[in-house]
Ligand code: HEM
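One chain comes next, on its own, written out as structure tokens in the form predicted alone.
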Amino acid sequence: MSSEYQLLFVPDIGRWSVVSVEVVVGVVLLCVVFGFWLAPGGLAWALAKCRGRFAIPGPPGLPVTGLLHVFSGSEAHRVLAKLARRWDAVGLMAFSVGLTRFVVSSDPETAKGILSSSAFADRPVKESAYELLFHRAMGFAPYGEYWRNLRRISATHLFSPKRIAAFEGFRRDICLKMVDEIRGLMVENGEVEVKKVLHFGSLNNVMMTVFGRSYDFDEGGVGFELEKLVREGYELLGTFNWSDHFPLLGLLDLQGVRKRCRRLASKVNVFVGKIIEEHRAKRVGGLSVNGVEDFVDVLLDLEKEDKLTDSDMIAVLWEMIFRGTDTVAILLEWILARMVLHPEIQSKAQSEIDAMVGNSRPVSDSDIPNLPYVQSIVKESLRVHPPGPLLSWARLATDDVHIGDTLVPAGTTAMVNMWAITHDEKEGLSREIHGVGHSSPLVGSAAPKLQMGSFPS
């Protein structure tokens, strides 16, 4: 047989050996990827050094992305609560989002361990928070001398009982204005977009406290532009930015978050910087608002003593606006919605106010201790609808730390599922048995009691 015919039947050993090696390598890599994916907690936990020491149960999630899809929706707290029960990991559950390791607690004791541990004093700084200057404010500043200084300023000066009491008149005026606006809209239109009224009222309350002035939010005015800045800031901070969890994507800014944040930060610097300069110019004449110092005045008093730059003051003031606006508005909206659904509770609250305050004057701060049923309504609303169901800002482990018997490695982001804790039936039964109750039950037989089941989930 000629050599030409032999080539038809004899395989090319060298070529097939190369192909076999490629197949084997591919299969091995595939097994490694699936092994990482199927690891408890997912990819980020599988890549952790000495991962055998961190035996925390949790779902693997999707390959590479982990539980990214959970945070793309609006009910992450509910999904995480279900997963924690399914994986028998209510105390502490591990999961991954890209290359970021997470643990989430749905148990009050474990949550207490996280929130009280100095190892979780830092917060992971999202790209949006950094670009919006919040790394210089108390919410995201790293734990250290600067953060302790901001906390001291907040506790001693900004939120002291004396200062809060000084602004009572302004709060009352804003509330009365909201009532008049609702009444006028009902007469004019027969319906009211309550969310809008509460949002603008809450924003004006914060503006008065922080900047010493209130705003009208008519289109084209300063207040309208300010509300646009606040609304865009909320949107950017609430966006689940892929760049925070996939470092390579950070170079591309696919969602445009970095670009939008920088554009917004420049506008905020101009807006707040102008207000600071106006306060500096007015300080020669004394206090800025009817003899009451606002937050800008307080920070200017401490400017030299605490070595605060204009950038620091802008960051602190802007964070106050974000923390104090929608959280209050959302809570008030849920309280009103729940009382509409439960008119018997609304009637009892009105009866208590009529009995304790009367009809001749509005409710004041000094009346609150005498309104236990109204206080219980607020507490019950906070239980059923916490404004930050995942406690808004996560914590970052700066060192390896034990939470109970579980070791959490440094660099892990920890979250507390407050919604899951306040909706735990076992916790509710335990508290009622011990006479504590979800709604902090009222003392004395004369006062009505708001039971745990009054506001169903």
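Keep in mind it's a predicted model, so treat the numbers as computed, not measured. Just count from 1 along the sequence shown to find any residue number.
Omitted from view is the form predicted together with this ligand, to which the following refers.
Using a 4.5 Å heavy atom cut-off, indicate which stretch of 245-253, 258-266, 151-159, 346-354 touches this ligand in the predicted bound form. That would be stretch 151-159.
Can you tell me whether residue 108 touches this ligand? I mean in the predicted bound form, with a 4.5 angstroms heavy atom cut-off. Output for residue 108 is no: heavy atoms all beyond 4.5 Å of this ligand.
Is the gap between residue 364 and this ligand in the predicted bound form 4.5 Å or less for some heavy atom pair? Residue 364: no contact with this ligand in the predicted bound form.
Contact with this ligand in the predicted bound form for residue 184, defined as at least one heavy atom pair within 4.5 Å: yes or no? Outside the cut-off, so no.
Given that the partner is absent here, does residue 311 sit within 4.5 Å of this ligand in the predicted bound form, heavy atoms only? Heavy-atom contact with this ligand at 4.5 Å: absent for residue 311.
Give me the residue from 98, 372, 324, 124 that has a heavy atom within 4.5 Å of this ligand in the predicted bound form. Of the listed residues, the single hit is 324.
Single option in 76, 208, 174, 382 placed near this ligand in the predicted bound form, where near means a heavy atom within 4.5 Å: Answer to the contact question: 382.
Run the contact test on 138, 320 and 331 with a 4.5 Å heavy atom cut-off to this ligand in the predicted bound form and return yes or no. Yes, all three are in contact.
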